[in-house]
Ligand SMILES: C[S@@+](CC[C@H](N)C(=O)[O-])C[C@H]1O[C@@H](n2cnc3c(N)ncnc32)[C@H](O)[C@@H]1O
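Single chain ahead, written as C-alpha cells, the form predicted on its own.
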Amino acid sequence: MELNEALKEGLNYLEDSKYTNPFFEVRLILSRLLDKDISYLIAHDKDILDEKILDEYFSILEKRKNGVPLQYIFGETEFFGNKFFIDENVLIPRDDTEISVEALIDIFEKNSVRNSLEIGAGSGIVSITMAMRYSDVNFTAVDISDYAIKNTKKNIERFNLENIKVLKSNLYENIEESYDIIYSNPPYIKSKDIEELQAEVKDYEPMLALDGGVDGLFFYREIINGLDKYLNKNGYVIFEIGYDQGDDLRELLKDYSVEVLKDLSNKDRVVIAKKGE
C-alpha cells in the first residue's frame, strides 16, 4: 500500500471517532512508525509501506478508535520541550500544566529557593523540568502510587539528574523537612462529575489521579492544612486548579497572599500563594 493510501484509510477509519483529530493523528502515527518528520510524508507519498509498518499502523488506529490515548500507545509525551516516558497508570500531562512551570520559573528567578516539594508527582514532569533548569536546588517529588514512583524514577534516569529524589508518601506522611516551594496538581474533579469526562480520560487514565472528592477540594484542604509545618517562612505554595475553583482556593488560603493565573481560555488555572512572616 502506498503511503498516501494508508493516510486516506486512516482518515476514514477515525472519522467518526470522538475526541480525535484524525488529520493530525494519522500523520503523527505514521511519522513515528517510520521515524521521520511529518514533512517526509508529503515528499514520499507514493512510497510503498512495509507490511509490518502497516500492521502496526492499523493496530494503533484500532486502539485510538477505542479511545486509548496516543501518549499511552507510544509510552511517551512531550512537555516543555522535552520528551518524557509516560506509563498507562499515571496521569497524562496537559499543556495547561506548562502554565504552572512558567509560574514556578518566575518565582525561582525572583527568590532564593533552596528546596522544593511536589505532592502527587505522577510522571514527575514538573519537578524534573525544574530540576533540569535549577541544578543548585534540591527537589523532592512524592506520590502514593507505586506506578508514579516508578515512572518518575525512569524519567529522572533519562535526564541523568542528581538533584531530585522520589519518595512514596501519602501527602506529607513521609516528609521530614520544610520547603521554600510546595507545588501540587492534585486530583480535583468532583466525584459526581467523573462520569461526564470524555471516554479516553475516564476509561483509561487512573481514577486515583482524577477524583478530588465530593467538592473537588479534598486534597487542596489536606495540603493547606500542613503548610504551617512544611512550608518555610516567606515560602510559596503553587496549585494547578480546575477552571471554576479560583474563588474556592482564595477562601481556603485566606491567610495567604493569593494570585490566580488564567489559562489561554481565560479560565482559572494556577494559584500562587505566599506565606508571610
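A residue's number is simply how far along the shown sequence it sits, counting from 1. All of these numbers come straight from a predicted model, not from anything done at the bench.
The next section is about a form of this same protein that is not shown, the form predicted in complex with the ligand.
Looking at 68 to 76, 85 to 93, 131 to 139, 105 to 113, the stretch with residues near the ligand in the model of the complex, meaning non-hydrogen atoms within 4.5 angstroms, turns out to be 85 to 93. The ligand is not drawn, but in the model of the complex it has no heavy atom within 4.5 Å of Ile164. Using a 4.5 angstroms threshold between heavy atoms, Tyr230 stays clear of the ligand in the model of the complex. The ligand in the model of the complex comes within 4.5 Å of no heavy atom belonging to Leu117. Within this chain, Leu171 lines the site of the ligand in the model of the complex, having a heavy atom no more than 4.5 Å away.
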